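Here we start with a single chain on its own, the form predicted on its own, put down as structure tokens.
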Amino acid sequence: MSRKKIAVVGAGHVGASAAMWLALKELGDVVLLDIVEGTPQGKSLDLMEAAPVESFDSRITGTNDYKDTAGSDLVIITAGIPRKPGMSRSDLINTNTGILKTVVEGIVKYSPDTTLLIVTNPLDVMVYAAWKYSGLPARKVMGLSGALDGARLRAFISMELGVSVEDVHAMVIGGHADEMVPLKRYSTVSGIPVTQLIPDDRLDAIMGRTKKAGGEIVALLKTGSAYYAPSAAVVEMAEAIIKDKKRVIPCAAYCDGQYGVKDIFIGVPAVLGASGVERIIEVELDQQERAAFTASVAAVSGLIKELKIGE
């Protein structure tokens, strides 16, 4: 059985870290693509020289040519400019849409049946744009949102309670922006609702911190944005697809009536398997959660209208 081929577009911090996680998990052979000459080649060679130490046999190659991504089973797109302090995700929209168009068209030319995992911000809008530019079925295009936001929420709950992260489950839906909706009712520790373990005021503070978690890191780093958690979270999604695990992972998936939403990619719990987003799971939302989700959808819809793609 031949190994899977995974392309990672963008050899910056997120892309290079994703290549590392993919190789460590031996999910397939990795092609790291970037427009900057030498960067993907150098980082790939560096990772290959780590292979004997970490005992992985995935091959990692760096390139500046889309031809080398031909036949990729899965493509992770991290290309784009990152947020800088004071920038909102929507500030990135025009620059990154242009970058994404070039990338997606280059990828599907050589891998017409691939699955696309988008990391580029503003996330939900970029997933929609990637779907339009690629011509792929909606189930084969998705974005990193809830997998990352949920991981951050799980980390904060674990830190608050002093318990293993393995026993913490949490769900965040909605857009990957300040309007995201952490669902505290669906957050548990070994099945115990966190509402029984953490006082309301502390829990509200943790939910608030989750919404601003990306910005908190941007403010601390000053010259870039988060990359360890985003890359780990997108590789979790990749693993679910490559191994056909049927994992339930919230991500930016195409809604066609679910949650009363149509023709939009938004963060919802989805079953990820070999054919991509295999189905969306609809959870009950109370009045407050529904209102927050509706506001999040409206924010994303507004940004998509500004794009004027496919009109």
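All of these numbers come straight from a predicted model, not from anything done at the bench. In this text, residue numbers run from 1 along the sequence as written.
A second form of this protein, the form predicted in complex with a small molecule, is not displayed here; the remarks below concern that form.
Participant: Quick one: which of 49-57, 27-35, 267-275, 282-290 gets within 4.5 Å of the small molecule in the model of the complex, going by heavy atoms?
Facilitator: This holds for exactly one stretch, 27-35.
Participant: Please tell me whether any heavy atom belonging to S225 falls inside 4.5 Å of a heavy atom of the small molecule, as the geometry stands in the model of the complex.
Facilitator: Yes, contact at 4.5 Å.
Participant: Answer with yes or no whether S145 is in contact with the small molecule in the model of the complex, where contact means some heavy atom within 4.5 Å.
Facilitator: Judged by the heavy-atom cut-off of 4.5 Å, S145 is well away from the small molecule in the model of the complex.
Participant: Taking the small molecule as it sits in the model of the complex, is V14 near enough to touch it, meaning that at least one heavy atom pair lies within 4.5 angstroms?
Facilitator: Contact check for V14: yes, within 4.5 Å of the small molecule in the model of the complex.
Participant: Any chance A19 has a heavy atom within 4.5 Å of the small molecule in the model of the complex?
Facilitator: Flag for A19 set to no.
Participant: Is it true that F156, I173 and P182, all three, sit within 4.5 Å of the small molecule in the model of the complex, judged by heavy atoms?
Facilitator: No: none of F156, I173 and P182 comes within 4.5 Å of the small molecule in the model of the complex.
Participant: Among A151, L197, M207, I99, which has at least one heavy atom within 4.5 Å of the small molecule in the model of the complex?
Facilitator: So the residue touching the small molecule in the model of the complex, by this definition, is I99.
Participant: Quick one: of I241, L116, V103, V168, which gets a non-hydrogen atom within 4.5 angstroms of the small molecule in the model of the complex?
Facilitator: The option sitting close enough to the partner is V103.
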